[in-house]
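One chain follows as structure tokens, the form predicted alone.
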């Protein structure tokens, strides 16, 4: 069993204190810890202090928004999100996405905010330190080269957060607390195109809540993975039809989810096929994953009664 590095632990109950601690050098926020702690065992991160978000009341609140819709505290667990009657009724695709994360045990620990902030993944990055050192390191962590694209200039680790494609089609707003007040960021603007800097958030920011607009057109959500549980996605797709516009989000194929629109289902599929360029971030063949983009979009559209 791989040991954790040594660290201090803080468990604040006040939002202002949480923000202050998050801004200190060497600090890292932790909620359920289902992704962070294994990464620390692999020496991908070595924070000097972990700061828990789980006892701050504002991050556990769930309440209706004044203009309609739903406010979800960032520290609400995935299991709680999936079980909420209001989510099951008004946002069934979000409930489905939360239920596809790993296993029921992980869903009981992992949080909706943690999933939004999930680190990008790669077969060369998510490995024990000795494995990476034997390969010469990884660009995202301690090495000079991205083994996925050695001649490239960036990191191509893939965004793998199960709930994000649905939330992008829902036009969710992500609310951060900072030392200078709140900052609202549309979730579609949260992610960058380099796997090392995938989150476009200032240092010291704390994700407090997700603001979900009132329910609109249905969304079909699909997750492709090797097994029906545990595994991270090989491909994530979400599709929505609004009036004369077809929208989709395709993820797990690069550092940022791809959000596309078209005026017909065939045009949407062809746009996705043109944009999606899977690389060797996964064990599965990039060519196979590319072909499954067409298949999974077609299946999602069939769930919506399209095509």
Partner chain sequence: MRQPEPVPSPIGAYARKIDGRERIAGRAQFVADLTVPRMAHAKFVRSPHPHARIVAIHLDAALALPGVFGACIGEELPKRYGVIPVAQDETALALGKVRYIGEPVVCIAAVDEETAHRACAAVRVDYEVLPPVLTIEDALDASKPVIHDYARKPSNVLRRVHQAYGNVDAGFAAAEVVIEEEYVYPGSTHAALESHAALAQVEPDGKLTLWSSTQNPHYVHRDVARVLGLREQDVRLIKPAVGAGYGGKCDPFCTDICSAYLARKLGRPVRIVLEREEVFYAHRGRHPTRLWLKMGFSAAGDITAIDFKAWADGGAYASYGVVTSYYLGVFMTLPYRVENYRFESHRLYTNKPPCGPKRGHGAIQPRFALEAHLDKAAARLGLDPAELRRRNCIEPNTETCNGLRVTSVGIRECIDAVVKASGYETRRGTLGPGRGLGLAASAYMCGALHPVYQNEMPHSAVQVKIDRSGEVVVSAGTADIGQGSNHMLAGLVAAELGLHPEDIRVIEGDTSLTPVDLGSYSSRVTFMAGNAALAGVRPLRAKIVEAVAAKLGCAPEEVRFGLAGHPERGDGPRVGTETSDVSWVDAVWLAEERFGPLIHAGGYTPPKIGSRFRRQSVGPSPAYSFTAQVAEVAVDEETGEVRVEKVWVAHDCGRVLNLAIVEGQIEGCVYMGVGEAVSEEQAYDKGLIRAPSLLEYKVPTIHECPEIVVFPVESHDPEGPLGAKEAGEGPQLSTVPAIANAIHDATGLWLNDPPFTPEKVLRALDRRRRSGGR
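Residue numbers count along the first chain shown, from 1. Note that the structure is predicted; figures quoted are calculated from it, not measured.
Form predicted together with the partner chain: not shown, discussed below.
Annotated contact segment (heavy atom within 4.5 Å of the partner chain in the model of the complex): 224 to 232, selected among 188 to 196, 224 to 232, 152 to 160, 165 to 173. Taking non-hydrogen atoms only, residue 100 never approaches the partner chain to within 4.5 angstroms in the model of the complex. Shown alone here, residue 16 lies farther than 4.5 Å from the partner chain in the model of the complex, counting heavy atoms only. Proximity of residue 284 to the partner chain in the model of the complex falls within the 4.5 Å heavy atom cutoff. Although the partner is absent here, residue 20 is not a contact residue: none of its heavy atoms lies within 4.5 angstroms of the partner chain in the model of the complex. Checked against the partner chain in the model of the complex, the residues 108, 83, 134, 179 give one hit for a heavy atom within 4.5 Å, which is 134.
Out of the listed residues 43, 247, 49, 60, 43 is the one that sits within 4.5 Å of the partner chain in the model of the complex by at least one heavy atom. Counting a residue when any of its non-hydrogen atoms is within 4.5 Å of the partner chain in the model of the complex, the hits in 1 to 35 run 1, 2, 3, 4, 5, 6.
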